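Next comes just one chain, in structure tokens: the form predicted alone.
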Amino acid sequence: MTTTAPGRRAAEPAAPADPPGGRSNRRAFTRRRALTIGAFLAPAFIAVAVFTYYPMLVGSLGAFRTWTIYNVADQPWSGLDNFRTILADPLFYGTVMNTIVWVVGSIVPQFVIGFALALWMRRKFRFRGLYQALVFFPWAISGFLIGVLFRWMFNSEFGVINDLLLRSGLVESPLPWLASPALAMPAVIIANIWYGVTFFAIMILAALQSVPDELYEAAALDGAGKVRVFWNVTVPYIRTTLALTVLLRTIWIFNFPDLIFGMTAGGPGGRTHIVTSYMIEITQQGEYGRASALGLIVMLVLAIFAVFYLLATREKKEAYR
């Protein structure tokens, strides 16, 4: 047993000495690793900056200039004139109403049918993988190509849709689907529903597979029926995924003129134009400043919608907890 003289403190054990060059080597390794990572990421950052952010900045500034095909080199500052021109255009308000019909008419059936398919594919049955591949296949096809295919299907003379309707006796004569102002929008919505159901089926099926089986077993022990289990177990557990999926799909449908251009190019008489397809048509007319102003309006609307929707989703999630 060792003792220490009064007034003296026991000697503290010495800290283990670092190996020669240990800390400096670690610092050098960290810097070298950071530089290596930066070198690998630099091409991607440069490509995104050059091909995404720079055109976005130039296009946003063009919304406040007189920028047309006739004065590409000379772009005088015009302030808010492009926005005033758009808001004074009666066709703009028609495209806004078309966009609302396009989004709501597409998103609701896509969600309902996609949810039903996801619930069905979650069950174990024979050839399950084959059915999943067939359901997911449309998502791998270009939206413009889908529009071209459905344009042939809805053709009034030799389209398969009219042929089926005539054979079933539902109509007496072929319907001018894409030439009729009353039928063109339902036709493009039907095509978009077929195309977008796959997205909801994929996302919801992934969320359903994350629900623990113990929750269903506990609900079965409590005597809960299938409907009660669906509303009290399944939906609350995947509610956040459902909300975010609907948000993402709404934004994509809002910015999805590919299918419309493939089927109708906005016709007849602008009856199937949505805001983004109308913006493309203005660009094709050489009115770049007006198209840029409309693009900024679209971005603002989507940003506001996204903020309020995410806030509502967070409040519901906190209330559930």
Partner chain sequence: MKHRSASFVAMMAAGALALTGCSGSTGDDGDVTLQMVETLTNPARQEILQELIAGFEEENPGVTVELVSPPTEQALTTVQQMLQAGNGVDVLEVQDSTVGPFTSNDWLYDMNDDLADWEGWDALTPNAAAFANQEGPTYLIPYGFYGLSLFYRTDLIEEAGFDGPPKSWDEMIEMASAINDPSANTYGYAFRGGTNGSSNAVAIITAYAADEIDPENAFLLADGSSVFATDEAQDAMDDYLDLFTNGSPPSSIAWGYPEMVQGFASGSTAFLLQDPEVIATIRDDSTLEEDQWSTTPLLVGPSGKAAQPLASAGWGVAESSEHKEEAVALIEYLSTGEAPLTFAKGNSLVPILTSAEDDPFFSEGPWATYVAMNEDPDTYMNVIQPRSVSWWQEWQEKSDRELQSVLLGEMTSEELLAEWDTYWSEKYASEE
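Numbering follows the first chain given and starts at 1. Take the two forms, find the largest set of C-alpha atoms that superpose within 1.5 Å, and that set is the rigid core. As the structure is a prediction and not an experimental result, all values here were calculated from the model.
One more form of this protein exists, namely the form predicted together with the partner chain; it is left out here, but the text below deals with it.
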item	value
Close approach of Ala179 to the partner chain in the predicted bound form, 4.5 Å, heavy atom	yes
4.5 Å heavy atom contact, Leu247 and the partner chain in the predicted bound form	no
In the predicted bound form, Phe158 touching the partner chain (heavy atom, 4.5 Å)	yes
Arg65, heavy atom within 4.5 angstroms of the partner chain in the predicted bound form	no
Selected contact from Leu91, Leu183, Leu165, Ala243, since only one has a non-hydrogen atom within 4.5 angstroms of the partner chain in the predicted bound form	Leu91
Contacts with the partner chain in the predicted bound form - residues in 264 to 300 whose heavy atoms fall within 4.5 Å	Ala265, Gly267, Pro268, Gly269, Gly270, Arg271, His273, Glu281, Gln284, Gln285, Tyr288, Arg290
Flag for Gln284, CA shift 2 Å or larger between the shown form and the other one after aligning core	no
